[in-house]
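Next up: just one chain, as structure tokens, the form predicted alone.
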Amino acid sequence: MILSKRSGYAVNPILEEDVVAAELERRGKKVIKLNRGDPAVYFPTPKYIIDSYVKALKEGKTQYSDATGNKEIKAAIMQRYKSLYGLHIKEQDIVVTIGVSEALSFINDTLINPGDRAILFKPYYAQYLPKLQLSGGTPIFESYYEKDNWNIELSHLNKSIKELKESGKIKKVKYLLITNPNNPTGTVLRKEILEEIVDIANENNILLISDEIYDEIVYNNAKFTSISNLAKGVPHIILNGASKNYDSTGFRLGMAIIPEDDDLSTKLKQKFTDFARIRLSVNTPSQYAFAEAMRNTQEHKKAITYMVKEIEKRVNHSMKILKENEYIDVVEPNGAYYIFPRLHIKDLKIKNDKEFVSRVLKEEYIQLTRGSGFGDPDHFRIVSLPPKEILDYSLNRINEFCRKNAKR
């Protein structure tokens, strides 16, 4: 066999129907894509950011940059976290990556040996599991609790931790990873939940990782709390980037922030730097543009305020339509731009969420993502970024599809 066994883990359920969608489009069908969370498709990247990118190109800033990110972008990141969260970080605490995706690779390549474990919460962002598996790791699955607005089920987590300690397997647990605001559910975790998570990680010497890529896309009166405000003195990593808050998905810029100076954090910073040097650098002109995006707080506030208001309208409008569907249950999101309905599979002439998504694409020409791709079967994910008229049409078609395929 030529291919490696681990190559089988390289799967992205968000894009798995792309071949079918492309064939439908080749045949002249208009496919509405509600599968990919790409705000730049519907909210053009702000002009001031584009102008900064062009300026960097014209000034010849096209050479390799420092492997961990240039001084301009690091200074802007430091200022952003000081301004938003009162966090004082140093240049050496930051590693700029090719999106959060590469930061996830750095984490697993640095920490995971075959047989090591990591705690992931279902539903999880679709890249978390394959990144862990590619490094030889095994997941310990905990849950966001749907009946509690997708907040973390702490009682079960505490029970699992106790069992791991009693069996001696806790030493194999290398990290615990949360997403806040959440993809795919759109939940903003409550502060008291986060405080408990920090305590659990600290008491059990487990590295805490918080993916906060949507930290400014919060609405419906929800309040976001960064783990950086709660985990002082506890080894942790914060993940963020340009894609969502700064509407620059194609820039492929992320960051890993390791704020503490304990022995583990120091080793992580050094090894992340080593991995960054292997791939030389990230996109240089993008770094100058992202630095300006963060520095120009006046323009950013205009852009993010408009985008979040529109997302709130579109998500809430989508919820009204979906609540008319008697064949799903749906929890109201208050962050990011996703909706994650649960299908009443027993009431439908459909065997699972994979068949549901496949048939909606082939019959209604609407592309969704199956919930099992996020570790939670019988759900599907909707991206509520398109304008109201597109969402109206799409979600009413989904509702009608359910009615047509009802058992009764």
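Note that residue numbering follows the sequence shown and begins at 1. Everything numeric in this text was worked out from a predicted model, so none of it was measured.
Quick note: we don't show the form predicted together with a small molecule, though the next part is all about it.
| query | Exactly one stretch in 307 to 315, 122 to 130, 275 to 283, 230 to 238 has heavy atoms within 4.5 Å of the small molecule in the predicted bound form; which is it? | reply | Heavy atoms within 4.5 Å of the small molecule in the predicted bound form occur in 122 to 130.
| request: Can you work out whether the small molecule is within 4.5 angstroms of a heavy atom in all three of T179, Y214 and S243 in the predicted bound form? | output: Yes, the whole trio is in contact, each within 4.5 Å by some heavy atom.
| task | Consider A201 of the chain shown here, and say whether it contacts the small molecule in the predicted bound form, taking contact as heavy atoms within 4.5 Å. | result | Output for A201 is no: heavy atoms all beyond 4.5 Å of the small molecule.
| Can you check whether M294 is within 4.5 Å of the small molecule in the predicted bound form, heavy atom basis? | Judged by the heavy-atom cut-off of 4.5 Å, M294 is well away from the small molecule in the predicted bound form.
| Contact test in the predicted bound form: V100 vs the small molecule, heavy atoms, 4.5 Å | Contact with the small molecule, yes.
| task | Give a yes or no for Y338: in the predicted bound form, does one of its heavy atoms lie within 4.5 Å of a heavy atom belonging to the small molecule? | result | Close contact exists here: in the predicted bound form, Y338 approaches the small molecule to within 4.5 Å, heavy atoms only.
| query | Just one of K323, R252, R117, K165 has a heavy atom within 4.5 angstroms of the small molecule in the predicted bound form, so which one? | reply | Contact with the small molecule in the predicted bound form is made by R252 alone.
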